[in-house]
Ligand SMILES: Nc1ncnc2c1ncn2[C@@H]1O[C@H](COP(=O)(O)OP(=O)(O)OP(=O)(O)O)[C@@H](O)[C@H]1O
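First, one chain by itself: the form predicted alone, in structure tokens.
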Amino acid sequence: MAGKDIVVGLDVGTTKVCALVGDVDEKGLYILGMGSAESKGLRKGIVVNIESTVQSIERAIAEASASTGVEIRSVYVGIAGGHIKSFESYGATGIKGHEVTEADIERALDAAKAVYVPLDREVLHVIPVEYTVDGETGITNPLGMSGVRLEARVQIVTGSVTAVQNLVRCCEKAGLEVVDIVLEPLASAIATLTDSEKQDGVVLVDIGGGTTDIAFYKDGVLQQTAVIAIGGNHITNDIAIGLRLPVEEAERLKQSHGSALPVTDNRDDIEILLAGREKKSIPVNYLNEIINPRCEELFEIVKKEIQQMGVYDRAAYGVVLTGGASKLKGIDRLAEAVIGMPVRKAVPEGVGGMLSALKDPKYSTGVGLLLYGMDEIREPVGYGDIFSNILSRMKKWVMGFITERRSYYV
């Protein structure tokens, strides 16, 4: 980044790579510009081709740099994919001096983090959910309270070492330093959810190209997460196969004429382009007969995940949809009917200089990464931050990997 008050968010997704540049001042965050490129090296949120991913990142960064005049050297990167897992953990410590200090809280969190994690996984985030002081539960900040025993309940988010390592490597090969890695549904939540929703209970459903991320918020903090390996690309592929079309044409039809709602008596015709050349007219119902079952399947799985989390009756505000695939016509009405909860669509909010093009659910993660970066600039990472900076671990992994490869070829 050009200076301490410039923050860059890099959303490396299955369908697109987006780089957003923001300026932080005493009034908040002001978006300077963005760059975007087609993503060709990821599948379901995981890097499958290093060189293609690096090229996509370089194109997005170059466009963002050209549009803002900012030399981009470091970024906050989002991560998602089916490899992301989370679980609860507990820790406890005695309170020295009978008044909770920062050191006491840090010891309780350290105790909660002292759990077995398989060698092929690494802890990404340790998120405090609540504290207990001498049996009194539901405490969000115990600092200064009196007692003899402090307990912490945390949500631990882990990811595949290989998946995270490859993402960091792609950024570094593109000439970028990774300041921090942020779970994408957490970034999207920062940009789309209100304080009331987070406090009283809400389920964020972020429908991307390759995956659908679920995050449940209650009492102001993240409580649980889940990932479903179905996204907007699956709908596009169904259209391509069902109508025997190129994927690009299937995506165009989905965006321009597609609807998630059940088939009606709509007899309108739409024009399709076969093999990129021959034009043909088909009833719009043919298209929606393909889209509706896949969307119903997705929301049936979402409903099952919410029930398995045990939060179905705890989300007072229901479900908030975001992500690029949430733009599909009627998808909120279908989700409400299938899940049986109130549903609203969300776009990123609360940022100055927001370009009209960015008021789009597909940019929720990118804007959220900027807001997360702004908070880190204003309040450097300490014991109480819900995210731990993992840059040093990422570098160790990459350097260790390179060293092993060199040893192998010697």
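In this text, residue numbers run from 1 along the sequence as written. Note that this is a predicted model, so its numbers are computed, not measured.
Separately, the form predicted in complex with the named molecule exists; it is not shown, and the next lines address it.
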Could you tell me which stretch in 164 to 172, 202 to 210, 82 to 90, 335 to 343 has residues with non-hydrogen atoms within 4.5 Å of the named molecule in the predicted complex?
-> 202 to 210
Using heavy atoms and a 4.5 Å limit, would one call A325 a contact residue for the named molecule in the predicted complex?
-> yes
Taking the shortest heavy atom distance, is K254 within 4.5 Å of the named molecule in the predicted complex?
-> yes
Heavy atoms within 4.5 Å of the named molecule in the predicted complex: does P185 have any?
-> no
G45: touches the named molecule in the predicted complex, heavy atom cutoff 4.5 angstroms | yes
Using a 4.5 Å cut-off on heavy atoms, what residues in 211 to 237 are near the named molecule in the predicted complex?
-> T211, G232, N233, T236
